[in-house]
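Presented as structure tokens, the chain that follows is alone, the form predicted alone.
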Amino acid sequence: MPNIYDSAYELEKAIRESEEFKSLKLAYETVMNNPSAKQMFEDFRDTQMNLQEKQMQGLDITEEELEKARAVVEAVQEHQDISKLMEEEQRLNLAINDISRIITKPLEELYGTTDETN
């Protein structure tokens, strides 16, 4: 019987060697090696995190904060390198979500199927 932890480490290795991860890593390095792109990306992430924290705490987000977030998002979307990074991140996330569905299938089958005879 295979050890599930060994399988998990094999999966980690496969992800690291995947085209999706390699493309993401290259896009990330491109952004991090460009000082203005790096600053813009960090501002974007900080803005995202701040808004998420406020939402999780049940705090209201002000109109000023929303406007700032919109401006940051627009700037990020217009920057070719950051836009590419976000596309590559989305590609990898899609693959990881697919993998998650596959590995949780036994639980879904166990709990998701109802026995209508009982």
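Numbers for residues come from their place in the sequence shown, where the first is 1. Quick caveat, the model's predicted, so the values are computed rather than measured.
Omitted from view is the form predicted together with another copy of the chain, to which the following refers.
**Student:** Should Met40 be classed as touching another copy of the chain in the model of the complex when contacts are defined as heavy atoms within 4.5 Å?
**Tutor:** No, Met40 is distant from the partner.
**Student:** Does Ala75 reach another copy of the chain in the model of the complex if we count a contact as any heavy atom within 4.5 Å?
**Tutor:** No.
**Student:** Would you classify Ile82 as touching another copy of the chain in the model of the complex, given a 4.5 Å non-hydrogen atom cut-off?
**Tutor:** Looking in the model of the complex, residue contacts with another copy of the chain do not include Ile82, since no heavy atom lies within 4.5 Å.
**Student:** Check whether Leu51 has any heavy atom within 4.5 Å of a heavy atom of another copy of the chain in the model of the complex, and answer yes or no.
**Tutor:** No, Leu51 sits far enough from another copy of the chain in the model of the complex that none of its heavy atoms falls within 4.5 Å.
**Student:** Determine the residues of 8 to 26 with a heavy atom within 4.5 Å of another copy of the chain in the model of the complex and present them in sequence order; the list may be empty.
**Tutor:** Contacts from 8 to 26: Ala8, Tyr9, Glu10, Leu11, Glu12, Lys13, Ala14, Ile15, Arg16, Glu17, Ser18, Glu20, Phe21, Leu24, Lys25.
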